[in-house]
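Heads up, the chain below is alone and in the form predicted on its own; it's given as structure tokens.
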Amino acid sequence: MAVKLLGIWQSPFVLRVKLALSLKGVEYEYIEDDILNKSSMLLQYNPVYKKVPVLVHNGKPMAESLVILEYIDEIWKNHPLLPEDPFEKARSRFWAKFVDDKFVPMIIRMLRITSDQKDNAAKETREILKTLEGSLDPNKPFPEDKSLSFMDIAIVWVGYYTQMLEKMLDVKLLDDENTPLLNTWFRVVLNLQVIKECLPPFDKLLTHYTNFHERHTTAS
């Protein structure tokens, strides 16, 4: 097949690429890798970072989820993901980078915290979520399957994985008083059919990261 995607099922970055390919109607071969025992294919196609996702198109590999999204958008012109307006395009890239710069380190931290660190970490996460809410236009309709954009794909996983952290750590992160618009946006978008078809099973995700959290806190 002309398009291959190397990934691991629990990765939010692999989820981004799956969503983009699905929205574009691109057929591809999905190859599950092992984060603890990386395949020779992964090391061949991404020798620099040695991580997923990696998209291989006509034998040519590319890495990093946001880079891959832009490549997909340029190659397959149907269902444009990035807006044509230069300002809106830059704005989409800004918020996508914000998510990666702020949420990824925070989620890694929360997966490793002990009980006495939980409240402070939760407070910081709620502050980041409040900032993220500023990316949404209260006068703009919520996206539908056919109108999902680059920024939607870059952000939507945050809601799903935050719900998982809430349940795993017994904390409140998505607070309707703190971020009412963002919470509603997550509820609407996560319920879209194209999103639901690509999301990893919630219980499996919860079990996976709970085991990770328990191993880390026990070891420490």
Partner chain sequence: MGTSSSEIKLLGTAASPFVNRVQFVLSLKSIEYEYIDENLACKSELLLKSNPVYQKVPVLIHENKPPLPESLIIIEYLDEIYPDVHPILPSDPLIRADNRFWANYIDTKVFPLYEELRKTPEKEGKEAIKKQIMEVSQLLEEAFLKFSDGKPYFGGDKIGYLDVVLGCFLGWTKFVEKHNEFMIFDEVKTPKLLEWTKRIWSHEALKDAIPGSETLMNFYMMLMKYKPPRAA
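Positions refer to the first chain, counted from 1. Everything numeric in this text was worked out from a predicted model, so none of it was measured.
Form predicted together with the partner chain: not shown, discussed below.
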Original post:
Based on heavy atom distances of at most 4.5 Å to the partner chain in the predicted bound form, which listed stretch, 59-67, 166-174, 189-197, 24-32, is the contact stretch?
Top reply: 59-67
**OP:** Examine residue 179 and determine whether its closest non-hydrogen atom to the partner chain in the predicted bound form is within 4.5 angstroms.
**Re:** no
Subject >> Partner contact for residue 46 in the predicted bound form: the partner chain, 4.5 angstroms, heavy atom >> reply: yes
Subject >> Partner proximity in the predicted bound form: residue 108 to the partner chain, non-hydrogen atom cutoff 4.5 Å >> reply: no
**OP:** Using the partner position in the predicted bound form, report whether residue 149 sits within 4.5 Å of the partner chain, counting heavy atoms only.
**Re:** no
**OP:** Go through 112, 126, 93, 79 and name the one with a heavy atom inside 4.5 Å of the partner chain in the predicted bound form.
**Re:** 93
**OP:** Determine the residues of 181-208 with a heavy atom within 4.5 Å of the partner chain in the predicted bound form and present them in sequence order; the list may be empty.
**Re:** none
